[in-house]
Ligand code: ASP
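For reference, the chain that follows is the form predicted alone, supplied as structure tokens.
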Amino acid sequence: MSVSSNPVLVVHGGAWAMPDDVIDAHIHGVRNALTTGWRVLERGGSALDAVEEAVVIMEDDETFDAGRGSFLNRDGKVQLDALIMEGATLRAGGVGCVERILNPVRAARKILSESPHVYFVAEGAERFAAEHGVKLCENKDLVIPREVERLREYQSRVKEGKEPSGNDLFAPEISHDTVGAVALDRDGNIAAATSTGGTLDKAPGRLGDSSLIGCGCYADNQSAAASTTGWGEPIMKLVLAKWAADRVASGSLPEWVAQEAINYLKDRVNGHGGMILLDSRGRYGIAHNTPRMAWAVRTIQEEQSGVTRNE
């Protein structure tokens, strides 16, 4: 008979140089996600359900670069990526470059639960989702005026030579509002989920780390659950979520490992971003090397949320 665990939920809503005027919206958004995910855990629901529901709240919130309101790619379209993973079984589901799904984490969950495969992309992912009860939308339903104007301004500046393209897209000053959640349930199982709209003006078809297993998201009861946010390419090169989980499995505390992982990201490939990390004993870590990161955490004993500053 398994010993009951005290549930824990940690969520993040992006790591970058958030201006002062968007901080309240970010705090409000991660708190809403925390409240929804905690309700699942509080009534004895699974960690998998909790991270899914928490991420859906942030996908539906136009504050974040996930779901409706995400960055537009070079063609002016929204292309979304998401992954969800269960630590007990190592089952995972991911979608990449989907253009007609309001909540890609829902489609990812369907893949985890109802497919022998782990990953679907583009039209194949949309077809699988529709066949399994996920309603499709038009891409225009994901596009909001704020992002149309942001893309127009950026492309105009590039054309005029005022805004270099390429790596500058991934500077800490550019919004990295990828969202994610990690959870521990009463049965001692952990899970993780990450969802994103990617980067501004990205090339059509570009995938970041968020939906790639072991990169932007990972969960294993024998190690840890992790979700990352930030510049995706360096995170992918280090398979950073799995890297961190392996160190927890070796006996290190998640609080230390999260910071170690972010230091490694900077030192090895000059990357930047943030990470939330949780083990099956309920110990967690939150770290970032960007100027600010939005996060929230709840345990039986405490609830905290905020946008931390990294001087």
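Heads up: residue numbers just count along the shown sequence, starting at 1. Here the structure is a predicted model, which is why all the values come from computation and not from measurement.
Absent from the display: the form predicted in complex with the named molecule. The rest refers to it.
Contact check for residue 96: no non-hydrogen atom falls within 4.5 Å of the named molecule in the predicted bound form. Residue contact with the named molecule in the predicted bound form: residue 152 places no heavy atom within 4.5 Å of it. Residue contact with the named molecule in the predicted bound form: residue 177 places a heavy atom within 4.5 Å of it. Residue contact check for residue 199: one or more of its heavy atoms lie within 4.5 Å of the named molecule in the predicted bound form.
Proximity to the named molecule in the predicted bound form, defined as a heavy atom within 4.5 Å, holds among 117, 132, 77, 206 only for 206. With the partner omitted here, the stretch from 85-93, 142-150, 123-131, 190-198 that lies within 4.5 Å of the named molecule by heavy atoms in the predicted bound form is 190-198.
Residues 229, 230, 231, 232 are the members of 219-235 with a non-hydrogen atom no more than 4.5 angstroms from the named molecule in the predicted bound form.
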